[in-house]
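Only one chain is included here, represented as structure tokens and corresponding to the form predicted on its own.
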Amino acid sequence: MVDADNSQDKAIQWFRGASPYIKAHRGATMVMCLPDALLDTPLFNNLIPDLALLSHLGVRLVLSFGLRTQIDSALEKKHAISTIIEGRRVTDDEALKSILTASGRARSLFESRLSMGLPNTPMAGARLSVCSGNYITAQPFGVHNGIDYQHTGTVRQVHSAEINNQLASGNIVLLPPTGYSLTGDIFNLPAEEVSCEAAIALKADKLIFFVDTLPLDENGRVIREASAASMEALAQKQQSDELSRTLLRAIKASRNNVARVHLLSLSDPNALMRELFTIDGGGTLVTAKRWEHLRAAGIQDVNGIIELIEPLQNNGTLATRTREQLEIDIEQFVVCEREGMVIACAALFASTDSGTDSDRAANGLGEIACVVTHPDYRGQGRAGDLIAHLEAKAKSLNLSTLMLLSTRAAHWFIERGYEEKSAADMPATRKIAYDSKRNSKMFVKQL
């Protein structure tokens, strides 16, 4: 007999759970910004098989990389001084030479690691093609506050057609932090800017930054997802200027049609796979739109609602609803959807003694039912959001009173303004369907 809890079965279950993401990511374009600190660490060796896996799953990869640590080290050995102001280096002739040397080394490092067949890894034998080129046209950053940034530039144009041609051929595209002007000059560019502008030009599905620390909210907790608008207010309050600048790039990209921007921690070797192939991810998501939202339910949500309510029906917490009943009543439901998964639901039924829709405004009574949240997402306010949404809907329907039945959540509803009433006060039509064996308590709220 097979042990259902052994590691192989868990891996199989994970793979099944990841299958929707495998399908969704096939053909997607992802731009990743790899900090220079990553290149000489064990994490880089872990990342290479992950990149190989993504490429073989049909993901189109563009990799941008930074060089700051290598440049600082090279200049220090030469006893040269280099100034960095608000994330941009003042690039003199000596610094530019070091940048070109380090850029060539980093490119060779990527090419060699991705070309060696990845021995002793799950992707052994999976050789990948890598290319780079003059895909970024740059222009001088110029003089700011009296400081001439010399060979430091800013992105003028990303040659997206050429990059897309390489991606269509199955190549991974490398974008070093350098660009070339129309006059043939070479400029040093911030890797975050290269990544951001490339993602915008390519209309990338994802832009991924690897960072030392994830952004924190006002209470010091890691922010897991946020809209660009809400993140903008927090960007200037982060614990490092570098993270703030990265967040501003993330906000810009999300507002320029990059669907999702992810920040992943350098300290987590599994962050990339967790972010791409699990429902909750492994870092911080910044998006112009909410990836989790309340909406009216449709017939396509019946299976998701059944998965939510079935365990509670089995243990007697909820009254039993058949699939047929759900299909008939589906327009009364609202759901909280997260990454295509229904994680919470609730329903609002207009109830009148006559039972006709035309009388409901005069009767003014509605019933909230089937308030359920997935176990993994309880205690985070979703049920309260659903109730508030349905109360607003009830007011729009000119309902003045809401009732509900509950066996286990009495205090939760009382905290939200519902008062316990006797079942004898229940409308006559509702008494017919009342199951006395469940001994549900009735709660009422005046709107």
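Numbering starts at 1 and follows the sequence shown. Everything numeric in this text was worked out from a predicted model, so none of it was measured. We call the rigid core whatever largest set of C-alpha positions still superposes within 1.5 Å between the two forms.
Just so you know, the form predicted in complex with a small molecule exists too; it's not on screen, but the next bit is about it.
The small molecule in the predicted complex is approached by Thr373, whose closest heavy atom lies within 4.5 angstroms of it. Using a 4.5 angstroms threshold between heavy atoms, Leu174 stays clear of the small molecule in the predicted complex. Although the partner is absent here, Ala383 sits close enough that one of its heavy atoms falls within 4.5 Å of the small molecule in the predicted complex. For Phe413, a non-hydrogen atom is located within 4.5 Å of the small molecule in the predicted complex, even though that partner is not displayed. Residue Arg378 is the only one of Arg378, Lys421, Lys393, Arg26 with a heavy atom lying within 4.5 Å of the small molecule in the predicted complex. Proximity to the small molecule in the predicted complex, defined as a heavy atom within 4.5 Å, holds among Gln157, Thr317, Ser265, Ser73 only for Thr317. The stretch in contact with the small molecule in the predicted complex, judged by heavy atoms within 4.5 Å, is 309-317, chosen from 309-317, 83-91, 191-199, 100-108. Met30 is not among the residues whose C-alpha shifts by 2 Å or more between this form and the one not shown once the rigid core is aligned; its shift stays under 2 Å. Arg245 is not among the residues whose C-alpha shifts by 2 Å or more between this form and the one not shown once the rigid core is aligned; its shift stays under 2 Å. Fitting the two forms on the rigid core leaves the C-alpha of Ile208 displaced by under 2 angstroms between this form and the one not shown.
Compared with the form shown here, the Cα atoms of Glu218 and Arg416 move at least 3 Å farther apart in the predicted complex. Between this form and the other one, the CA-CA gap for Ala226 and Ile387 narrows by 3 Å or more, being smaller in the predicted complex.
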